[in-house]
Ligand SMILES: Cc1cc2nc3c(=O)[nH]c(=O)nc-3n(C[C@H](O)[C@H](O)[C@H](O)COP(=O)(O)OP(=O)(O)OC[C@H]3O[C@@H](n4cnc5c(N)ncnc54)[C@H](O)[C@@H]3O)c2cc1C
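So this first bit is one chain, no partners, the form predicted on its own, shown in structure tokens.
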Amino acid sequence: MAENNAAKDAAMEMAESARETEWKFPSFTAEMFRGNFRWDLLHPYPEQDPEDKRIGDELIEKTREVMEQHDPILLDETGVFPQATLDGLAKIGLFGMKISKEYGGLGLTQWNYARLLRFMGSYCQTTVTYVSAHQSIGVPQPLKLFGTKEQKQKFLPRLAAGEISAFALTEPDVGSDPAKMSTSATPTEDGSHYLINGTKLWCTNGPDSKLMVVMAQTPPLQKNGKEIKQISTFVVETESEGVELLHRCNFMGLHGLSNGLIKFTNVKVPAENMIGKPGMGLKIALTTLNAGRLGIPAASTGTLAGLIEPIQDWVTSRVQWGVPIGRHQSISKKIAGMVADIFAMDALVYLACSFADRANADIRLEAAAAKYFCTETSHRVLDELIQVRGGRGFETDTSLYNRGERPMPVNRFARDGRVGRIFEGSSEVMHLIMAREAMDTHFKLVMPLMMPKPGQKESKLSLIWNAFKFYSTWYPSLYMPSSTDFNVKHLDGACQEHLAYAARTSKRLARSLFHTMAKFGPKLEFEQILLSHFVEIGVDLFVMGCCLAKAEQLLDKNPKDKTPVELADLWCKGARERIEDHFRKVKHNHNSDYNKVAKAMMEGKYNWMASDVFGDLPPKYRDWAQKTPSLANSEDRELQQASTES
């Protein structure tokens, strides 16, 4: 048990050290979790610069010409991505969208980058993944943020011209726990190179990449007699000796995706290929992912928006019991929710992108919220659209076409988009990130008192005084009425009430968070379900604000068109119902029962339900453990097996 606690503490310490600890610029979401609904950060809703929009418009048309020669239905069937598509995208510069013009790229704003991914996402999500993984999490973004001028000059022109890059962080035994990373980078005696050894899993673009960002352990630091792990970041040439593709991974969706298990054996990497300083690896990864995460929600939004016309055609032309199915309430609820969700997703994505394009904004929470909300919403809506289509929703595009019906990629989009809830930080990890940042103020003030660290400089009296000064004014303010002066001209009474609700509920959220922290203290970190309710409330309040600001902007442009306010009103009504439900579940829940039953299941106490089932793989697959010995024989698996057998 002591060893487990030490490992957990090491992992937590490493994660904390990689976080950005200060809020240099205002964050709407961070302020909201403190009870301050900063409407001024959302309103007026940002407008894309006309010249920037023109650039995006032209590039979308060029991309359309390339994509019209690309067959995503054939790709889904064969799993073979056409080289001609990659060549066409490279020719128009799409592999250099986020690379500055100085190094041969397009230097697009985050707004236009999101527009391009939204456009491609409405047609082929595998293509989106190739392009976005290359520059959002591949070599271009970390070099842009942390690279030296020499590194940028050496690598960025190659990447802008179409050489594909990849990102190697995950390992067979390591998912979201970087403290367990085993890939090592050992300096040579003369210090001129590093030798990288290890195995990386799920390297998107890895099998076809020329350059790769690789995270590896460098020699640890010694501090106060304690060894501190160092994870560092390197640019690796995949044609280097010792880089080996062990396996190309295949998935339930994104057929044709380039993704693999890659082994590094004494791969010699020049010391100047290290990005940043030794030990900055996790900070680089987290910072890179902040902006990178905005690509996934943009593509998810495009996927749903691309289905508006086909679904409209289907629910209008398909007649059952004498009327179009869209007029049956069970269907109308689904399609009404779909268009309201698309409106909300767009409002959130472009608001977050406008923040990312500014130099005076902190988007770590907004990016996590956008990634979480859009991928979860897209998954739910696509599942409902399969239901709307009935048997045709389960049938493939090719089968529909071959028997003379309109192909509609609902099930393909559902399979391809499912990974959005996992890529670049799963939904559960997004919950943890947002929960940690939501509690940041209290962690800084209260945790040093509850859980003092060795060598803590401030005295207990000083810590108590600082906490008293903050809480003596902050806590009473949470009971003060919220301002109702929102300076809106066009929102109707219902939407203005939604706005007032969001403002006062932000105070309620902050109060409830504080009360929960006071109740559980340090044990709050184990109450992940409880914290997830607060995160869900915060995300819904944020999206409510985005919807209402966007509706106000559109009404200002065209007061006669009431559709934006209809969509905002419908979405906010649903959000308010969910918010109230989450507040109820904070107080009344079954979390302890989940823990009890899950523990019993892990101990094998419910194995009696597995009688009369086949219960094993086909014979030819039963030697799987010999194929992946590092995973099969890992300490975690041995512990799991021992626990089950006992």
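Predicted, not measured: the structure shown is a model, and the values here were computed from it. Numbering starts at 1 and follows the sequence shown.
Quick note: we don't show the form predicted together with the named molecule, though the next part is all about it.
Heavy atoms within 4.5 Å of the named molecule in the predicted bound form are found in one stretch of 165-173, 390-398, 118-126, 300-308, which is 165-173.
The named molecule is not shown here, and in the predicted bound form it never comes within 4.5 Å of any heavy atom of residue 563. Not displayed here, the named molecule is approached by residue 251 to within 4.5 Å at the level of heavy atoms in the predicted bound form. Of the heavy atoms in residue 150, none are within 4.5 Å of the named molecule in the predicted bound form. Contact between residue 423 and the named molecule in the predicted bound form is found at the 4.5 Å heavy atom cutoff.
Only one of the listed residues (261, 478, 432, 280) places a non-hydrogen atom within 4.5 angstroms of the named molecule in the predicted bound form, and that residue is 432. Of the residues 146, 471, 514, 202, just one reaches the named molecule in the predicted bound form with a heavy atom at 4.5 Å or closer; this is 202. Taken together, the three residues 492, 570 and 579 lack any non-hydrogen atom within 4.5 angstroms of the named molecule in the predicted bound form.
Along 126-148, a single residue, 137, places a heavy atom within 4.5 Å of the named molecule in the predicted bound form.
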